[in-house]
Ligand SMILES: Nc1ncnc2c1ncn2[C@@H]1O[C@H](COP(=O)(O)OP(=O)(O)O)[C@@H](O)[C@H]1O
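Before any questions on binding or motion, here is one chain by itself as structure tokens, the form predicted alone.
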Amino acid sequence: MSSLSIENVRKVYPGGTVAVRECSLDITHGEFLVLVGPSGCGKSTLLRMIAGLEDITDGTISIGDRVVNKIAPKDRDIAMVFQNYALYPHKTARANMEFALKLRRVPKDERRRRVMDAARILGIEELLDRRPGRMSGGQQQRVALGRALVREPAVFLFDEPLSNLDAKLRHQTRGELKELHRRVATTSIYVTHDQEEAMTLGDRVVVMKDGVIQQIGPPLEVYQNPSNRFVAAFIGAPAMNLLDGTVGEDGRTVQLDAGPAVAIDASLESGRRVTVGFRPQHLEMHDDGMPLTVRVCEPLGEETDVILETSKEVAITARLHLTRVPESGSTLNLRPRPESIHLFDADSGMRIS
């Protein structure tokens, strides 16, 4: 195992496009860190710089005690799992997994031991003599994981490895990845745009936007205490409702631009412009709630996602336990629980403590 340190790393492409801005990050021995954010936020570029597949414009990357800026990818002691599996179609699973070890001149008996150990961990012993064309997507992904595992690297890098799988298989493979990390305890960095993957897999998550780290922390901490409006909207499904408003004279209510006043569990200066955030599952039926018009209902079994509109046609999502699905055009009176409300400065977007 090895730690990994990123200090003031930047990536600027020819023409001036900045992909990563002044990124600093320390990953501890054996940690599973997830980089998450929308497309184009810089997470894959950062991963590729760690791997040595992209040059660094400024800053340093260290694996253990060694600065690797000028070290070739093959000499960085990392193993990478790609989105498209990148298996050789003419080779069997066994040959795919052995290939990098052959290039490193690992003795034959040691190669066989590592391949069989990885196959047992991943449950793919029966696939070792098959070629990729005779495997499902999930089986190919396990072989790709096995190919990385046999390297016994200092760091694993995962570049959206589950995005080509269907929903059921993605859920299953997530669990297998988590169990695999528990067993091998190798420092791992995982890139995804799926915030559900980030929440379920990571010891810590790093939320990125426009090449800048927005927040770092354990998944639940990021979910419960988002540092700014972007993180609040990005982490959590359905997304948090965010409505602008003005703090009332009593300092304990906010008059929403899109509707009536809501009570807040805070005391702020009167007249301050804020953004009120509340998650769909924190809305409750109440006679004194906001009158909202039902537009679309999405039954999920025990719960129903209801898309509603305020009188000013601003959309709000609620996740409710309902005995019957309300009709489109009907009115529900809902209010967010005061203790569940998040407050952000309307100008900067930063969280208000």
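Numbering starts at 1 and runs along the sequence shown. Fair warning: this is a prediction, and the values are worked out from it, not measured in the lab.
The next section is about a form of this same protein that is not shown, the form predicted together with the named molecule.
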task = Decide whether Leu332 counts as a contact residue for the named molecule in the predicted bound form under a heavy atom distance cut-off of 4.5 Å.
result = no
message = Can you tell me if Pro38 lies within 4.5 angstroms of the named molecule in the predicted bound form, counting non-hydrogen atoms only?
response = yes
message = Whether Thr310 contacts the named molecule in the predicted bound form should be assessed with a 4.5 Å heavy atom distance threshold; does it?
response = no
inquiry  = If we define contact as a non-hydrogen atom of the residue within 4.5 angstroms of the partner, is Leu343 a contact of the named molecule in the predicted bound form?
reply    = no
Stretch in contact, per heavy atom within 4.5 angstroms of the named molecule in the predicted bound form, of 38-46, 23-31, 59-67, 285-293 = 38-46
